[in-house]
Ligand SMILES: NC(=O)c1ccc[n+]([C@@H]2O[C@H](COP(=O)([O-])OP(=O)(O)OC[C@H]3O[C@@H](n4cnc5c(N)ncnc54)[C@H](OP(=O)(O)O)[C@@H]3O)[C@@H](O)[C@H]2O)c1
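In structure tokens, one chain follows: the form predicted on its own.
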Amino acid sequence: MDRSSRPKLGFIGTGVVATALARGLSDAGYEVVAVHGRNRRRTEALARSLSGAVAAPSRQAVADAADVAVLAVSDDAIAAVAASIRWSPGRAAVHCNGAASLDLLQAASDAGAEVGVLHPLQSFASADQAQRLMRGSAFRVEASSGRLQGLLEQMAIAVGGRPFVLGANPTLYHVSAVLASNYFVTLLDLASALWPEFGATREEGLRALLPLVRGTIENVDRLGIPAALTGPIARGDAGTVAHHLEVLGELAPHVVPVYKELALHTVSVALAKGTIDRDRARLLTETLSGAGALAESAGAVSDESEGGAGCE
């Protein structure tokens, strides 16, 4: 497997990530020679969409045909799938798990194969969307050799990605991604679920909130953090925060712990932005910690707060 040449690729797994990577790399001129998945119909459909690929009858057939076999299977299955294959020197096994190290491919490594990680840092709901979103996305790349490292970086670039090498702790990297992506969906679920309390539907709420979300993301992209922060905590408006907690306690008490935890962290972001001082931060923290009925005094303080910036 020459570092300067493009390897023959095989894919074990036919889900969204496998399909998007296989199609993207095939479109970029890579030869995908074989694919295999548990669902025969989906395997054959993926093979038909790739020039020259065959629907392999087994995982072993993929590993035998390809220079680089990509194990795009569920995270919990990677080690077992790798162990089920007879690997040989000169071949490579690659997984797509953002949270794991090369250790999941120990069986392949023990047999003399090179091992690596190719993880697109993106949220994929469908293969077509995934192939589009890979362009511009970061790709975590790790390999047991410089040769495979170079090949994986080239593959990431070929589909429009930006490869990067993780210094340490892939689990923490994955936690960061989960917080930014998966739990963002959960926050929107909590936010839209409040809308029926004031006479609208959840669907109407989500449609109304999405432009706000897009504007916030644009602000973060353009201004960065903490400059993009707006809202009552950025303004030091402890009276509004106290009223939020009061209403949530009556109508949606399950949201209160989430609101408090996020708000407490937001106080530190507002301090970093410089729109509140330490006295105002202390008042906000006391309000969020439930240290007495502070709504009245907080309202008096918030009269002096920064106005205008952001109705949310």
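What you see is a predicted model, and the numbers here were worked out from it, not measured in a lab. Numbers follow the displayed sequence, beginning with 1.
The same protein also exists as the form predicted in complex with the named molecule; that form is not shown, yet it is the one meant from here on.
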{"item": "4.5 angstroms heavy atom contact with the named molecule in the predicted bound form for G205", "value": "no"}
{"item": "V73: touches the named molecule in the predicted bound form, heavy atom cutoff 4.5 angstroms", "value": "yes"}
{"item": "Any non-hydrogen atom of F124 within 4.5 angstroms of the named molecule in the predicted bound form", "value": "yes"}
{"item": "Contact test in the predicted bound form: A77 vs the named molecule, heavy atoms, 4.5 Å", "value": "yes"}
{"item": "Heavy atom distance at most 4.5 Å to the named molecule in the predicted bound form, all of G15, R38 and H119", "value": "yes"}
{"item": "The unique member of R282, R42, K273, H243 whose heavy atoms fall within 4.5 Å of the named molecule in the predicted bound form", "value": "R42"}
{"item": "Contact residue in the predicted bound form, from L102, C96, A107, A228 (heavy atom within 4.5 Å of the named molecule)", "value": "C96"}
{"item": "Among 108-116, 209-217, 195-203, 77-85, the region lying within 4.5 Å of the named molecule in the predicted bound form by heavy atom distance", "value": "77-85"}
